Ligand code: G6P
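Read the single chain below, which is given as structure tokens and is the form predicted on its own.
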Amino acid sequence: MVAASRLPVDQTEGPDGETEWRASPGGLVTALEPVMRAAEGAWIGWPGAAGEPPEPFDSNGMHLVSVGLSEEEVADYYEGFCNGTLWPLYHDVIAPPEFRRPWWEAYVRVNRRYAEVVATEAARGATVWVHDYQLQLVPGMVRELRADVRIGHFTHIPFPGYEIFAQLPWRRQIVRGLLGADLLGFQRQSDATNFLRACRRTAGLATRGSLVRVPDAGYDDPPADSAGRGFRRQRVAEDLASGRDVRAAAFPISIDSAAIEEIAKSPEVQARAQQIREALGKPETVLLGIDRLDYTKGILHRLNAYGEILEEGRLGPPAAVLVQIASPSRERVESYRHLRDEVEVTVGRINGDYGEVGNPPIHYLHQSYPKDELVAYYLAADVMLVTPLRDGMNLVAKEYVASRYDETGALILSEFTGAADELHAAFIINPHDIDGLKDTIVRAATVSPAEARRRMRSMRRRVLEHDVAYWAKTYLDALSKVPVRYPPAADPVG
């Protein structure tokens, strides 16, 4: 059973006005669909529209159970606590988080609703896999209701260092909620380490390597005064004597790399890639950025660095152009509207200063594109710019590598992404170092074919072998090793 913020399908209107459900294109759906079909699994999530949820239904071999959200809960839980509090906090406070009690109350309420649906729907001894920062309380709540199930949780975004996490007024509740799971998955080892430290500092719990010892009888908050160290030493001894172990470890997510490569090899997509280069004026070098329009993605840093390169005359039209695709994101949130204004003003200024008629140095597209079109852009690009200020993984980097079946192209990759832990042959940069970013852009644009091929071959080996199916199997195999603790009653609902 999977519990996620959204269902794996999108609601559309058929030709006769009837409601139709189509599979979402996300990597998580791609990874879990075959697993869910084989296990006759259920997927619990929000259908994406406020109001009464539809009745449970089957789609693509999965049983789908909707969780409803009111308009107020969409505003307070989803746009408020999830995207106004947790998202900026977990991304190193790139934007200031807001801490509002009504938002937290809505978060608790929605998480409780998910947990109750899981407890009702899960078979005896089921495996429950909860996903991401929107549902961090669900593992603990399910643990209270169903002692018989295995529970896993995977955090797709970064988990912050304790000094940042400590700002959250409800940090103890979040840690306790996550510790309801048997296995906690993170994108990077540093994220798992940050969580283990939060367990020690926030809850006074004992940790050994990747394990947290959670006592059966629960635990109290450690004192805030100077006696706290003694309390922790005593608690460590007690924890080691009883309770259960929760493992926190890195399970880096990936993509359906074979499917991306197959798209890239299709004649239609290759022809479209050639059309894109021709429309750009057949430049020697096409630089590409593809991101959600989000303040974590480092788009402004990238644009400002390219603007300085143009000013210095190191690259520029007609020999080199930058294409920036920024798909719309959270347009009801004020900080995102402000970011869009900043990006568009910056693009306009650079094009005004350095462009010529028919030869703008930056082509900016504020649109969403289907996968085939994105792969065509990957093929058209000589240099891929992936420069987030903070990112859990960044699958765009892996998609670009998977699409380059001829082993050409260059990837510039921020060290603050999970992908940097795996794609060592990329041009690794610090996006805050504008001079370093500029030098790397010029170097990647002028790299020799032999070096580019060596780098790309290494990255492709990693992406093709460690695909999204490998990720799902590795995680679920680890979770399957956790022994199920059945309650004494025949009725599995506690």
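From 1 onward, residues are counted along the sequence shown. The structure presented is a predicted model; accordingly, all values stated were derived computationally and were not measured.
From this point on, the text means the form predicted together with the ligand, which you will not see here.
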Please tell me which of 330, 113, 272, 201 lies within 4.5 Å of the ligand in the predicted bound form, judged by heavy atoms. 330
Which of 78, 354, 416, 251 has a heavy atom within 4.5 Å of the ligand in the predicted bound form? 78
Residue 132: heavy atom within 4.5 Å of the ligand in the predicted bound form? yes
Distance check, residue 193 to the ligand in the predicted bound form, heavy atom within 4.5 Å: no
Evaluate residue 150 for contact with the ligand in the predicted bound form, applying a 4.5 angstroms cut-off between non-hydrogen atoms, and reply yes or no. no
Answer for residue 156 alone: is it within 4.5 Å of the ligand in the predicted bound form, judged on heavy atom distances? yes
Can you check 340-348, 102-110, 279-287, 156-164 and let me know which stretch has heavy atoms within 4.5 Å of the ligand in the predicted bound form? 156-164
Contacts from 81-115 to the ligand in the predicted bound form (any heavy atom within 4.5 Å), listed N to C, are 83, 87
